[in-house]
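One chain follows as structure tokens, the form predicted on its own.
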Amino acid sequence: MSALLVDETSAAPLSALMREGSRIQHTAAENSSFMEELLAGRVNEQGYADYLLRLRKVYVALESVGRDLAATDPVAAAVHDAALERLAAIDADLAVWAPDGGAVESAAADAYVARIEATRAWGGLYAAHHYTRYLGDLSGGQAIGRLLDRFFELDGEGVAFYEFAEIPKPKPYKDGYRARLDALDLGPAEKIRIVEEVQVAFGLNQALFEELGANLDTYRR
């Protein structure tokens, strides 16, 4: 862990600590072979459907735990927002990508879900996962949606996951989100714990990509 994080006198904003403290893990997840192939247009419909099916498990847990925690935990309440929820969008997209239905066995998704369920212990841990997924969806996720739309000539169908009807301008929203994180009354040890959980969250995302990457020969487009 960096000196910045172990320095108990550090007054760095939580959002900055989360970003800088997880930069290595974030980069590793982004550079996974599955994501590189997806962004290059070389993953077929089955590959993307299998990705969505894994994400569905993650978002079922993320949104269920979030609704429960937001009612009682001030840290979770600071980030929870129903306008971000993705489960209905994933289901709409799966109707396009896997119209006959489908399911996946995924040890990586199951591990991810178990970790999210464990964040019921404290909203700060939940906030780490909320930040990792939803701010990613509002950032790089937007580019993924545009690329998929172009590669598969979707004309806007099947990319609802990347569309936030209630958040027309992602940047101001993300600025406000980070401001809410920074306003939380947390001590240095609590901040460190949150940053460490962000690192875990990115690792769990990378594990999803690695599991998908093992099937790239099947997913070649």
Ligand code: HEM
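Everything numeric here is computed off the predicted structure, so don't read it as measured data. For every residue, the number given is its place in the sequence shown, counted from 1.
Unshown form predicted together with the ligand; subsequent notes refer to it.
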Interface stretch in the model of the complex with the ligand - options 130-138, 77-85, 117-125, 91-99, non-hydrogen atom within 4.5 Å: 130-138
Should the three residues His26, Glu30 and Asn205 be counted as contacting the ligand in the model of the complex, with contact defined as a heavy atom within 4.5 Å for each? yes
Distance check, Ile144 to the ligand in the model of the complex, heavy atom within 4.5 Å: yes
Using a 4.5 Å heavy atom cut-off, state whether Met35 contacts the ligand in the model of the complex. yes
Would you check, heavy atoms only and a 4.5 Å threshold, whether Arg54 touches the ligand in the model of the complex? no
When the contact criterion is heavy atoms within 4.5 Å, does Arg193 count as touching the ligand in the model of the complex? no
Just one of Leu186, Val60, Leu154, Leu39 has a heavy atom within 4.5 angstroms of the ligand in the model of the complex, so which one? Leu39
Listed by sequence position, which residues of 144-182 have a non-hydrogen atom within 4.5 angstroms of the ligand in the model of the complex? Ile144, Lys174, Arg178
